[in-house]
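In structure tokens, one chain follows: the form predicted on its own.
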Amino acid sequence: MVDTNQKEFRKRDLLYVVPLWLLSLILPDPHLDHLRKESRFRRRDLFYLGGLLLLPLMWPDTHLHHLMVLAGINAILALGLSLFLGYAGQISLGHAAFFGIGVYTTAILTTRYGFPTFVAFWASALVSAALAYLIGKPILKLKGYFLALATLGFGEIFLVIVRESHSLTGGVIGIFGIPWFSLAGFSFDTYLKQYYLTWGVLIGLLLFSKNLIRSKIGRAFLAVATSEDAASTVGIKVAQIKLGAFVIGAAFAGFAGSLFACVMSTANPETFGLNLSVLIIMMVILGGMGNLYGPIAGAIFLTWLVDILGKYQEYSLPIYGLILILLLISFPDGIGTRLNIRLIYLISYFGRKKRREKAEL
């Protein structure tokens, strides 16, 4: 006969083992020396972080702050899609739908049921990830263009549901009066506060992504992107890896949608249509699909470009297309990749110069 105390001890052990097992999946492998060196916080990362912290203080322009908030939200979307498109080698034209799920989850929970925005923030990611899991199980059996069409169909179906559900989502009018994001009584009610909130979330997700791609799961992503058949022959469960990348990207979109709802204080179905999905893909491709900093650079560039061309509505579309074509021709590997190389060169140059000066003394 099993003692009841022993049963309770076993249940308590599960609470310890499961989180530790999940953590071990995204930690870099300690047996790989080059990955252990890459996991250190580099001087280049300090350069990026310092620039982000000082930017709103050097240019105290509210429009700039708001534009960078939108760029940060787009960067979260692009970063999540980059894991699915750039590292797992899959394509999705319905990524904006998960963004919309995050927007409406926060809007409904905060305005209809009075949930705190912090709780709604995490709930948005969980709901987006759960729906991505349910949708991804059948459609991720498809490949290539068929997968793209299936995700496009999901995005359009979600738009129809939102527009027709008047009692829940407000239909084409949407939901208004979404409260500012608040944490422990502190409200992020200015563009400057929202800037640090958005980019703080982005940095946290970036660190998570860096650990993820250097883990066993990340190496499985790259193997699947190279060849699904070859990955399956070495024991990688291709279907689970593709589904995992899809779910993680959807969770990122849920986070971005919750932040967008709190910043704009409204939820409208016209915000997350096919145009947004294409724009996110362009951010990933233009920034560079082979690294994590590229999609962020692409998101910042395209957010600024759309804002600037908004002043020239009659000629914005041809100018926008011409600029994108020239950039893709000039930087086929992405502007983020080229920018990364240039910054590394400059930082290493000043480091070598300082060491030479010390050696001469």
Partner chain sequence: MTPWAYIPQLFSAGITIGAIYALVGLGFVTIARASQIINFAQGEFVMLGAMITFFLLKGGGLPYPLAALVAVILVVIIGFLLHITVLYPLRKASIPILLMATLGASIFISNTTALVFGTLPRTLPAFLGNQPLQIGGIFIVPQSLFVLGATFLLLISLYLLSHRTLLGKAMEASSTDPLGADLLGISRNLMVFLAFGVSAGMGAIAGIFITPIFYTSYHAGTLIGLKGFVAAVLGGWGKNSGAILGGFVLGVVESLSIAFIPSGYKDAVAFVILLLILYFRPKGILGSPFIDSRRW
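Just so you know, these numbers come straight off a predicted model, no measurement behind them. Residue numbers count along the first chain shown, from 1.
The next section is about a form of this same protein that is not shown, the form predicted in complex with the partner chain.
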Tell me, please, which stretch of 123-131, 138-146, 186-194, 97-105 lies within 4.5 angstroms of the partner chain in the model of the complex when heavy atoms are compared? 138-146
Contact label in the model of the complex: L52 to the partner chain, heavy atom within 4.5 Å: no
Answer yes if any heavy atom of L322 is within 4.5 Å of a heavy atom of the partner chain in the model of the complex; otherwise answer no. yes
Although the partner isn't part of this model, could you tell me whether V119 comes within 4.5 Å of the partner chain in the model of the complex, counting any heavy atom of the residue? no
Does I157 reach the partner chain in the model of the complex, with heavy atoms at most 4.5 Å apart? yes
Within 4.5 Å of the partner chain in the model of the complex, heavy atoms considered, which of L109, A150, L202, A251? A150
Using a 4.5 Å heavy atom cutoff, which residues in 230-269 contact the partner chain in the model of the complex? It's fine if the answer is none. none
